[in-house]
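Here's a solo chain for you in structure tokens, the form predicted alone.
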């Protein structure tokens, strides 16, 4: 199936922001975090969700496809890179194209910012900064087999639907076994699966 990647397990996230702080410490980010901690039901729930680039594979990186400056490159192993600062024009096409809402524009620098899977680390076999500090394992870096050995019976999804479009990704999401539907409906919050209310 998939090689070493990040598996996001929202049910384990406690909103501690350790991942955000660790990402900020990465040398290549200059003190800015490329991971976002989202609160899907803010004000009614303490639920939180770490949001990293899903490294879309099919269609290949919508953010890169719409970049008029060819600033966003995809490596041979499928990692969608952060925009090249010498090419990015800050147009925000990538922000609008991403179905997961990952890229952000640094308005001051007029540059796109997003997770690049800590490519400076993962290219050498090291785990991304966020996964190394997550105290609950909400961000797990490894293979599917390693994840299933550690968490028997776990189900993961790497295909998500947005309207009539299905997006296959290089990063996977742990989904509750009793709510599995392939592909997983994209967007938050999921309130209905197969016509049944899941709230």
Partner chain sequence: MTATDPARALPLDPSLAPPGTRNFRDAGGIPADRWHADQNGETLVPTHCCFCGVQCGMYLRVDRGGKVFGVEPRNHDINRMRLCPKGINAYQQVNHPDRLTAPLMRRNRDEEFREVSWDEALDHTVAEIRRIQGEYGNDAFGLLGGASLFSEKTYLVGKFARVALKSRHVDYNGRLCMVSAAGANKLAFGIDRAGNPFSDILLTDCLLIAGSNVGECFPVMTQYLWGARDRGATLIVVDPRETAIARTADVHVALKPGTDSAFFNAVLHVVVAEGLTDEAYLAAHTTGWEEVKATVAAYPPARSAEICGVPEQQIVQVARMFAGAGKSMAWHARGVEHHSQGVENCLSIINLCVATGNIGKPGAGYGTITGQGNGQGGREHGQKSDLLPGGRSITNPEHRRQICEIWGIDETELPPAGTSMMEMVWQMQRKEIRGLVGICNNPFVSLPNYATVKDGYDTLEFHAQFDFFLSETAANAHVVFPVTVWAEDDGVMANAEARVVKHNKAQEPPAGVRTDTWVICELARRLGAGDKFAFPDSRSVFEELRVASAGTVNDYYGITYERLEETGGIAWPCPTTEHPGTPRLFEDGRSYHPDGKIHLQVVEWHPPMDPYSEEYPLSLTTGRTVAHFLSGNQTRRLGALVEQTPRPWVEVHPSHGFRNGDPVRVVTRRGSEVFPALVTEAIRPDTVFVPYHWPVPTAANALTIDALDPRSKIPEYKVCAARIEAAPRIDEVPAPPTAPGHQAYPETQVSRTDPLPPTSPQGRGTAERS
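Numbering follows the first chain given and starts at 1. Since the model is a prediction, treat every value here as computed from it, not as a measurement.
Although not depicted, the form predicted in complex with its partner chain is the subject of the following passage.
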Contact flag, residue 45 vs its partner chain in the predicted complex, heavy atom cut 4.5 Å
yes
With a cut-off of 4.5 Å between heavy atoms, is residue 11 one of the residues that contacts its partner chain in the predicted complex?
yes
According to a 4.5 angstroms non-hydrogen atom cut-off, is residue 175 in contact with its partner chain in the predicted complex?
no
Close approach of residue 118 to its partner chain in the predicted complex, 4.5 Å, heavy atom
no
Can you work out which of 66, 37, 144, 157 has a heavy atom no more than 4.5 Å from its partner chain in the predicted complex?
37
Site test, 17, 33 and 132 vs its partner chain in the predicted complex, non-hydrogen atom cutoff 4.5 Å:
yes
Candidate stretches 52-60, 159-167, 132-140, 66-74, one within 4.5 Å of its partner chain in the predicted complex by heavy atom
132-140
